[in-house]
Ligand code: FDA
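Take a look at this single chain in structure tokens; it is the form predicted alone.
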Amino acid sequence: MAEKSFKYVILGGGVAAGYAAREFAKQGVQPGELAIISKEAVAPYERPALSKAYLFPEGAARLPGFHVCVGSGGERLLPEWYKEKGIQLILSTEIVKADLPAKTLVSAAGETFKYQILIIATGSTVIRLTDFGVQGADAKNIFYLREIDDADKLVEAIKAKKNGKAVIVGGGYIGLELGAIMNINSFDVSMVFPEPWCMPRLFTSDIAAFYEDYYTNKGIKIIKGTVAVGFTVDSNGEVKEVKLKDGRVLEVDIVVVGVGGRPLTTLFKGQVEEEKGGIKTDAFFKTSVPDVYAVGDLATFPLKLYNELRRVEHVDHARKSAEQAVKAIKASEEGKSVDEYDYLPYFYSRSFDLAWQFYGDNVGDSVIFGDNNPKSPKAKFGSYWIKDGKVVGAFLEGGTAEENQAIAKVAKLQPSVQSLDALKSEGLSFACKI
């Protein structure tokens, strides 16, 4: 097969790839210089839509509606956009070998791609129960959600098993969003997770209590402190029961697993410096290998605000790190410089009629404020995290755009506080006056 050669190659076709392509176009990339190589069959899209609007029973999102960059209020980049800009979309192409010293990528079909500059944007892959040898975990109707193909399979199962029983394995970000979605689709939902409360990587027990009670009031069963250890399968190969470690057995028609992801770094093992499970980069997302950049989920980068190396798995960072890398590449070519990446960690979620945002770091002491009664018609509450006498993180459920901007500002500026009690009583007004 003839090899193809490009000045720039983005490996991966997720959110980061789309935002990098837009930045290249802004910076004036020439036709034929840039290629995106993706194993998915569609142009880059906003991945968060999959665990939210894609699975709605009515008014569901479908492509081309959520191609990037609509998730940040930008222009939607349809496949034609790439064509107009002379950017080659090489889809349904899995790269199985990367030779960084030779600047060469090889696909499963044996195609060779040469590049001058590579941006690694392969993101994460889901952790599967089969990875742990869980009995029956390869049964039909056990789903994961990472790509649009996964979502399509789940949509079909939801239609086929209408009003059935669903078990969500995992109580984190995806688990909470999918628990809500399956409930909205009229499934009898149970959520199973080993931790003492939901979303423990971010939520305090106080915050988690609100969401667990809210979900319980919606009819969702929360089963904590245990894990799925096996699945019973019928003669059609479909899952029928979930066996839990505590001895309980749950009848089920659909299982959806959300137990985390791991960065897709395998292609680059031994070729590039790694740290904290990801590819180590500088503040411009340059790796230890010349002309190779890494962005999004798999980049371990200097988080300037906290003066430490971090890896951040979130769409906001995927977008911003991709733009930063492209700006740095183009500036370097022109003998200019760009500012170091100065990122404020940000997470958000929407489920039912709830919507929360979090900024900063969830370390140190915490205080909760506001109305966190799950039976309130419009609960609005939040939390601050305080370390060394400064507010370092802020969370808000039910906030307006202005209030969310206020908590972001607090997390960035890290104002001093004298008393936790005073902070608790001031609540949201503390953020709004900064």
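Sequential numbering from 1, following the sequence displayed. Note that the structure is a prediction, hence the values are computed from the model and not measured.
As for the form predicted in complex with this ligand, it is not shown, yet the points below apply to it.
Peer 1: Report the residue, out of Lys161, Lys320, His314, Lys103, that has at least one non-hydrogen atom within 4.5 angstroms of this ligand in the predicted complex.
Peer 2: Selected option: His314.
Peer 1: Which listed residue (Glu147, Glu212, Asp253, Asp188) meets the criterion of a heavy atom within 4.5 Å of this ligand in the predicted complex?
Peer 2: Selected residue: Glu147.
Peer 1: Determine whether any heavy atom of Val295 comes within 4.5 Å of a heavy atom of this ligand in the predicted complex, and answer yes or no.
Peer 2: Yes - in the predicted complex, heavy atoms of Val295 and this ligand come within 4.5 Å of each other.
Peer 1: Tell me, yes or no, whether Gly278 is in contact with this ligand in the predicted complex, where a contact means a heavy atom of each within 4.5 Å.
Peer 2: No - in the predicted complex, heavy atoms of Gly278 and this ligand never come within 4.5 Å of each other.
Peer 1: Quick one: does Tyr348 come within 4.5 Å of this ligand in the predicted complex, counting heavy atoms only?
Peer 2: Tyr348: contacts this ligand in the predicted complex.
Peer 1: Answer with yes or no whether Ile207 is in contact with this ligand in the predicted complex, where contact means some heavy atom within 4.5 Å.
Peer 2: No, Ile207 is distant from the partner.
Peer 1: Considering this ligand in the predicted complex, find the one stretch among 44 to 52, 23 to 31, 394 to 402, 364 to 372 with heavy atoms no farther than 4.5 Å from it.
Peer 2: Within 4.5 Å of the partner lies stretch 44 to 52.
Peer 1: Where, within 239 to 275, is there a heavy atom within 4.5 Å of this ligand in the predicted complex? Residue list please.
Peer 2: Counting only heavy atoms within 4.5 Å of this ligand in the predicted complex, the contacting residues of 239 to 275 are Leu264, Leu267.
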